[in-house]
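Take a look at this single chain, the form predicted alone, given in structure tokens.
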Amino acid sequence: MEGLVLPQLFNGLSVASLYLLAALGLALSFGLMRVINMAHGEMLMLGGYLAFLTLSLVPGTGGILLAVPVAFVGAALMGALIQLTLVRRLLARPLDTLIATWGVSLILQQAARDLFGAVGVEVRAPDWLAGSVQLGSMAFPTARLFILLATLLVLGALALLFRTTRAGLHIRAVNQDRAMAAMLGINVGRVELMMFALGTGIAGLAGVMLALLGPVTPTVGQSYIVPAFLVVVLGGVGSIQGTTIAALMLGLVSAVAQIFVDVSVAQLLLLLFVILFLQVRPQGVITTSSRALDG
């Protein structure tokens, strides 16, 4: 039994890492602006296709290291475009924002089908990512270890951004009291643009990680967008710490459930777990106080 449980728990950690990378952008944008970006899954897809193009041009280790910043910048620029053209204009109309970003997601999916086909493309990762690390009697896939490391680096970078930089100070000020931050001279619109682009950029990184595990398809992001929303709700809206804990919880619950049942039933049990947890603690794992939308 131990030989089955421990590898499955490790898989749960890697799945939790993907959930977290997919959910961080939603947590950042929704926590600050209360905007639900229905095209967020397509940012993962965009990151995956950018990784495919980068590794096609620059194969090997250099390619995967180059694909990470390319996917981040490409998805961040797409997010900035969506924020400037749609989200900013519809900020006071959340339902319209939801519908508009859903339309963007459909457009991006169709564009991917036209450019790359509906079947999907395989990312040719370096050979060292195709192997495994042997520890005792257990073998840990190198690609999943790489995903765990990338997730830890992203969390560390966000912690440094929020706690040690002037931009992070402005972000925290806007999140705490939007009107007062504006009165003190902080450009609230610029902060919102930066956060939205940062969130979609992190989703692009998640797309690179997904591309290491399977083919990139026009709908690849849709497989993770629902769990990402569940992570945000479970973690507590706008809380990075809560989002991290919630992603870990859902990844491990899903992995343990799959020991006893198939994947579809495991997804149902995951949803039931979230519902029951929110019945006991409706505010989520961590409660955050924010007046970002006041005034």
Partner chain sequence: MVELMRRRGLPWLLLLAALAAPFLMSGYDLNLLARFMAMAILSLGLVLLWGHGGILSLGQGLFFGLGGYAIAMHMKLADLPGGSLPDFMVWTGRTALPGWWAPFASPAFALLAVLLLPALAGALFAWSMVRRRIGGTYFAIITQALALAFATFLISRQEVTGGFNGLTGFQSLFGWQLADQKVGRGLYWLTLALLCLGFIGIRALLASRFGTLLGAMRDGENRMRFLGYDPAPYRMVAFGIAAFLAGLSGALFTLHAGVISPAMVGVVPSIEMVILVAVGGRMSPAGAIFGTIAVCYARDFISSSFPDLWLYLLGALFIAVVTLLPGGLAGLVRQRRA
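Model, not experiment: these values are computed from the prediction. Numbering follows the first chain given and starts at 1.
Another form exists, predicted together with its partner chain; not displayed. Remarks below refer to it.
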| task | Choose one stretch from 225-233, 66-74, 243-251, 43-51: the one whose residues place a heavy atom within 4.5 angstroms of its partner chain in the model of the complex. | result | 225-233
| query | in the model of the complex, do L90, I99 and V265 all put a heavy atom within 4.5 Å of its partner chain? | reply | yes
| query | With a 4.5 Å heavy atom cut-off, would you call Q134 a contact of its partner chain in the model of the complex? | reply | no
| request: Look up in the model of the complex whether L271 has a non-hydrogen atom within 4.5 angstroms of its partner chain, and give yes or no. | output: yes
| Just to confirm, G103 within 4.5 Å of its partner chain in the model of the complex by heavy atoms? | yes
| query | Does L9 make contact with its partner chain in the model of the complex, using a 4.5 Å heavy atom cut-off? | reply | no
| Answer option from L161, L149, L95, L81, heavy atom within 4.5 Å of its partner chain in the model of the complex | L95
